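For reference, the chain that follows is the form predicted alone, supplied as structure tokens.
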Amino acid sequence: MKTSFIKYFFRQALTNISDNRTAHLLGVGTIAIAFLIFNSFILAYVNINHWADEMGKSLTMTIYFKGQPQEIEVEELKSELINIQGVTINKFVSKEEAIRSLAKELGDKEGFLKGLNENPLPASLEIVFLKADREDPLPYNIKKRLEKMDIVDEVHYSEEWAGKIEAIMGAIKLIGSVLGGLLFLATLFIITNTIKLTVFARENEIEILRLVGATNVFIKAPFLIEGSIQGLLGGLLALIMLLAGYVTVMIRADFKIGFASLDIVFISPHIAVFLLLMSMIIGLLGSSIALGRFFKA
């Protein structure tokens, strides 16, 4: 196809959008809302995968001490653990720090702690096993050795907890895949029918072009380009609204499970580009389906 024809088709498409701006604005708005719902689901799905991956990268072990250990005892234990390959010291929390952290988490209910005669919370040391294999006996051997120490009360290892969480995450991801597919089909249905309305509103224009002898390609091309632009603009608007909502929520909200904060991430640039391409393709598909009734054999 000659470059001059391509330029003409794009110029004609932009002229048609300008002449029918109200219908196109309504179409873009509808597409944006449909994609906002779908993209919100994608954002939730991305974060579920992110949390599952983060849990798979490392396993933690928390060592709880009897009473308040001496600083030299803690440092000696740290020195011993830090020399083990794959082990990293995360943080030491004294009894005082533990009670202050609990009071902060309780907020206006911290008055419950004032009736305590003594601090019941233990001092603790958290260590991380980087990229630990769940079948690796090293963490269990360390756990058994630590539990024999006089200064250690008990040791909690996150492997069993992480395994259960990952099983739950796996189930959520499976259910999410099914729901995501259904939501995508619903989005496709809404968008194609929205674009159909803009095409059907110009039925007379199409019939006139056919009567004067215009070829199918000559008639279809500007409409297909319009649909692609409409889909792209709707997808872009949906992403902008999703980003605005994400920033607003991240500024005002603090997501936690228990005392652990959740790291909420936004969709990556390559997923965003994929969603924009998908919105453009759906716009193209919507126009093609709508035009089908005028060009049946």
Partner chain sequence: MVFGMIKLFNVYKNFGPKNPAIVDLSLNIEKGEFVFITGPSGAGKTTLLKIIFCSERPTSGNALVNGININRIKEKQLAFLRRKIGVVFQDFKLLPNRTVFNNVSLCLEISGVQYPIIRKKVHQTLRQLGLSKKERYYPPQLSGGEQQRVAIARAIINNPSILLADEPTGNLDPEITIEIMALLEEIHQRGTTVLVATHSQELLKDTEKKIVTLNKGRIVK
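Residue numbers count along the first chain shown, from 1. Not measured: the values here are computed from a predicted model.
What comes next is about the form predicted together with its partner chain, which does not appear here.
At a distance threshold of 4.5 angstroms between non-hydrogen atoms, Leu209 is in contact with its partner chain in the model of the complex. In the model of the complex, its partner chain sits within 4.5 Å of a heavy atom of Arg202. Looking at Ala214, you'd find a heavy atom of it within 4.5 angstroms of its partner chain in the model of the complex. The shortest heavy atom separation between Arg11 and its partner chain in the model of the complex is within 4.5 Å. Heavy atoms within 4.5 Å of its partner chain in the model of the complex belong, among the stretches 119-127, 171-179, 84-92, 215-223, to residues of 215-223.
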